[in-house]
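Presented as structure tokens, the chain that follows is alone, the form predicted alone.
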Amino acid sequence: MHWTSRTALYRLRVPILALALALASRATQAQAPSTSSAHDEWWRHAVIYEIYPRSFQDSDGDGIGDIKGITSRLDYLKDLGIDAIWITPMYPSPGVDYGYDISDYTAIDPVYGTLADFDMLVAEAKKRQIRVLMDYVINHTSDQNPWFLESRSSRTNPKRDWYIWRDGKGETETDKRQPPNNWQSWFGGPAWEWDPITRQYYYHYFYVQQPDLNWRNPEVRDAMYGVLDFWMKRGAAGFRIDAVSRLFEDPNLHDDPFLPGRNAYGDRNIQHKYTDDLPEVHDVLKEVRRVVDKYPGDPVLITEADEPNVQALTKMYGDKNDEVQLPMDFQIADVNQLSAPRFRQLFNEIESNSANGQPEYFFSNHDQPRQWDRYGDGEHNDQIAKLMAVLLLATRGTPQMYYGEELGMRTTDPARIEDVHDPIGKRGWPKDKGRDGERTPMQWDGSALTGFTTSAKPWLPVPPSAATYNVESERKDPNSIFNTYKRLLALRKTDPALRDGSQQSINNDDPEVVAFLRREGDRTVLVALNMSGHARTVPFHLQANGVKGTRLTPLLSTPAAGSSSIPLDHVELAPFAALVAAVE
């Protein structure tokens, strides 16, 4: 659950921060430290691939993707160059939020298969050196979870305090009156739901059907840490932790401050001051880290936390790097425009983060409109998609891809409210059409059903673009988006500077070209990305950076470079060109 992009306002979001950062930092980036022991941790040089299981591959013809379907496509992922897969929730769920409302944390939803299917997936992935990461939905459960059913049964039930129950304001025996305070749900309306049986309100940051767990209760912590143990023992290599900054609320129930304007649901905008990023979150992350660290294989934790800036994001690593190894960098993900100054400043900030933490970069996921649409200009979208691939895969950090990103899959929103599956789209229509558009079936081939299913009706319709943007077609085209990703993924594994090297920003005054060096030992690779719609000729003078050499040998360029040797002081970049080249 990406709790920023899930709001109905996400698609209307104006990059206000981008305007504020137009005067980007010009400081030259210092090289990041590199130690041989750090390189032994697999996640430092891995590529993670997010799979939305309903939409990846259907094995039984019911129109819904499943675990056996994922297993059948592991060879594709291995050939592509993927090191780990993160699978969004596959636990039993009523499906109000498509798996993010969990009724049983230690089982598999029958729509996806069985625990035996999961075990087979882990075993087959291991044969291909692919690790499996689970989605850890830590903030809330389904209202059909047995824990909540007990909690709701009476005020004296032993699990009553497993959730957040509070009296209303001015309540009488015949009138529930007002919620305890003005806190709002991210999906519109009050964050409090009245329960007529026990005559109290329960708190839900998200949907009414997703009551928040009470993480101040030690019994809740023990139960949720038991979930981690269960999946680690079955071979999980780590977890992506959902909505982690929402774990705690102000126990004194202070009202949140209102902000100007209204959201797509008609509510007054509000600052989630007392329900977001409370300091206790870091205590839990330390405890989670201790649980997974009991297991071999360098298990990894990834957090979904849309922090307001890189400084706040850095806190997720922990004071002693004892919390999360890979906090997802929403600052980079949500730039939402081709701005060289913006990207340069953010890369420089994360490279100099005080924790020396490993960055985790991504541009699309199951809650965001696909990057092909967000960054494209309507004319050069395919070329821009290749540029974004270089931006993701040539930087120092752990990149995270979203299924179909390597094909240039596009957002395909429902045309009618009657066709909407996502509750956000049903409630926010037409201002927000929901997240169905970024969750359509994987496009394996150009057939009517894309090779995803044999069902006449997949759970979401196949986009018209699948006829040309699919694995089968793009494999045959050496200049396709798919083959650009594949070459980049191979370069990350084979070139020591791209695999393990430091990152150093150069040409910091250029308003249109992002350029940086990746360096490991005597090996230097230059990366240059023209984020403008016109050709540029750029001189690079690297002596001040301690780099010898006068020419570049292209390792990858899109569009293709016209020469096998390029003078450093005269690098020609076509509109939206991306160049990865060794300094000779």
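As the structure is a computational prediction, the values presented were derived from the model and not from experiment. So that there is no doubt, residue numbering starts at 1 and follows the sequence shown.
The next section is about a form of this same protein that is not shown, the form predicted in complex with ligand NOJ.
Check: If you check in the predicted bound form, is L460 within 4.5 Å of ligand NOJ, heavy atoms only?
Finding: Residue-level check for L460: no, no contact with ligand NOJ.
Item checked: Heavy atom of Y163 within 4.5 Å of ligand NOJ in the predicted bound form -> Flag for Y163 set to no.
Next item on the list: Would you please decide whether R370 lies within 4.5 angstroms of ligand NOJ in the predicted bound form, comparing each non-hydrogen atom pair?
Entry: The answer is no: R370 has no heavy atom within 4.5 Å of ligand NOJ.
Check: Looking in the predicted bound form, any heavy atom of Q210 within 4.5 Å of ligand NOJ?
Finding: Yes, contact at 4.5 Å.
Note to self: For a quick test of understanding: in the predicted bound form, does each of R240, R435 and R439 have a heavy atom within 4.5 Å of ligand NOJ?
What the structure shows: Result yes, every residue of the spot touches ligand NOJ.
Next item on the list: Could you spot which one of F118, Y201, F187, F363 gets a heavy atom to within 4.5 Å of ligand NOJ in the predicted bound form?
Entry: Checked against the cut-off, the match is F187.
Notebook entry, point to check: What is the one choice in Y100, Y112, W147, W231 with a heavy atom within 4.5 Å of ligand NOJ in the predicted bound form?
Noted result: The residue from Y100, Y112, W147, W231 that makes the contact is Y100.
Next item on the list: Name the stretch, out of 370 to 378, 202 to 210, 318 to 326, 442 to 450, where some heavy atom lies within 4.5 Å of ligand NOJ in the predicted bound form.
Entry: Heavy atoms within 4.5 Å of ligand NOJ in the predicted bound form occur in 202 to 210.
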